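Have a look below at one chain only, the form predicted on its own, in C-alpha cells format.
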Amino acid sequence: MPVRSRFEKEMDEIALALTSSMDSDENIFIYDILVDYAHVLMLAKRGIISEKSAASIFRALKKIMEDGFDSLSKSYEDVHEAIEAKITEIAGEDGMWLHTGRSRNDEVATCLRMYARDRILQVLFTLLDLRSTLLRLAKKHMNDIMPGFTHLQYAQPTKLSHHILAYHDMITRDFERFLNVFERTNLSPLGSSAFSGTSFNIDREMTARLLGFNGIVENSLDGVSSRDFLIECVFACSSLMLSLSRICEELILWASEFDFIELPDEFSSSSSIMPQKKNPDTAELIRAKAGTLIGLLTSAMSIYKAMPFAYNRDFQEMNSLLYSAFEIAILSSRAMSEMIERARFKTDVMEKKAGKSFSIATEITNILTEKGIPFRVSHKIVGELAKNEIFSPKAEDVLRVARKFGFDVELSDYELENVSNCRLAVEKRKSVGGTSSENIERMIKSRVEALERDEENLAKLKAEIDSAIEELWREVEAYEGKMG
C-alpha cells in the first residue's frame, strides 16, 4: 500500500482515485527505472549503502523492467511508490535503502525531464523529415507559377517553390525552438531531495552524467520547484501546431474551389451519403488539434502561475498536459510530412490563375515609376485602370490615365506585355528573398546545407544520450557481476 508512515488510516478510495497518477505514469515508467539505477549506483559508489543492497535492488529493478508497467499494483499514488514497493517485495530489507537521500520531488522532476528530452528529440527528427520533404517539393516545383494572395485576394504572381520555402522556414524556426528548449530541459534535478538538498554525501554530477544530462539544476529548491521547462515544451509544441495548422488551412482551401491541389486518398475521407466527396479530414484535424494545444498551454500556465515554492501536488496535473502535447505534435508532424509529399499540385491550374484579377498591376506601377513617375502617382494611375475594369490594358490606356495626372512618358505595348507576363514578372524580383530563379536556387541550396548540418548535430545529441545510458547499463552489469 502507499507510504503513509504517520497515518493510522489508509487513503480513502475516492481520494486515491482523485490523487493517483498511475493512469498516465506509464509514460515515465522506464525513466523511473533508469533514475533508480543511477541513484543506487551512486549511493553504492559513495559508500552510502552497501554493495549487497545495491546488487539486490538492481536485480529487482531488472525483474520489474522485464515484467513491465502492467505488473505494478495500481493501488499506489504514483509509479514511484509502486516501483519502490515492488522492489521491497522482491529484494526484502535491501530494497528499503532505495530512497536514501532522495525525495519523490526530485525523482519525478528528473523523470519528466528525461521524458521531455526524448520527446523533443522525436519531434526534431520528425521535423527534419518534414523539412526534407518541403525542400524536395520546392526543388521539384522550382519554376512553377502560381497566384500569391494577401487578405485571401489574388495579389501578385509568385512561384510554388517560393511559397513552399516559406513553409520550410516557418517549420525551421519551430525546429530551432525545440533545440533551445532541449538545452534548458536536459539538466538534472536529481539530488535536490525534497527541496533543500541532503546531508548524505551524494554526487549529483555522477547521476547527471549516468543519465545523459548536460549538467545539473544547481539550486535544489529550483530543481524541484520549476516546471518552466515543461511549459516551454508545451509552448514549442503549440507553436509547431500553429505552423502546421496554417499550412493545413491553405491545403484545405487549395483542395476546394481553388483547385490547386489533389490531396492523397490515404489522408482523405469520403462522405457517408455523398459518394463524390473527397474530404480533407487529416488536414482539418491537424488544424483542430492546434486549438487543443493552445488549451493545454493555457492549462499549464494557469496551474503554474501562482504556485508557491517548493513542491505542490498541483504539479501532477501538468504532467498529462506534457504527455498529450508531445503525442499530438509528433503524430501531426508525421502526418503532415507524408500528406504533403504524396499530394499532387495542379501546377497547370495554378499558372492559369496566376494573372487573375489584374495581379500584374504592381508590375505596371513599377515600370511607370522606373520611367520617372513618383510611385504613389503610378499607384493611382493603375488604380484608376482597375476601377474602370481595364484589366488587360494597352499602352495607350495607361498613357491616357497618366496624362490626366500630369505625366507624359513613353510606354510601348511590347514593354507592357513584358511586365504583364507572369513568368517574366516573377523573374524580375531579384531582391534578396524574392522569386527570381537565382534567389530560389540559392535559398534551396543554403537550406539543404543547413538541413544536413542539423541532421549531423541532432544525431550527435542522440548518440551522446544513448552512450550515457549504455554506460549506465555497463556499470550496473559490472556491479552485479562483481557481487555474483
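All of these numbers come straight from a predicted model, not from anything done at the bench. We number the residues from 1 along the sequence you see.
Omitted here: the form predicted together with another copy of the chain. The next part is about that form.
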Within 4.5 Å of another copy of the chain in the predicted complex, heavy atom basis, the matching stretch of 131-139, 392-400, 409-417, 282-290 is 282-290
Assert contact residue (another copy of the chain, in the predicted complex, non-hydrogen atom within 4.5 Å, options 351, 118, 89, 338) equals 338
The one residue among 252, 145, 124, 72 placing a heavy atom within 4.5 Å of another copy of the chain in the predicted complex is 252
Review point. Applying a 4.5 Å heavy atom distance criterion, does residue 404 contact another copy of the chain in the predicted complex?
Key: no
(message) With a cut-off of 4.5 Å between heavy atoms, is residue 443 one of the residues that contacts another copy of the chain in the predicted complex?
(response) yes
Quick one: does residue 231 come within 4.5 Å of another copy of the chain in the predicted complex, counting heavy atoms only? yes
Taking 4.5 angstroms as the cut-off for heavy atoms, does residue 163 touch another copy of the chain in the predicted complex? yes
In sequence order, the residues of 218-256 that place a heavy atom within 4.5 Å of another copy of the chain in the predicted complex are 218, 219, 220, 221, 222, 225, 226, 228, 231, 232, 235, 238, 239, 242, 245, 246, 249, 250, 252, 253, 255, 256
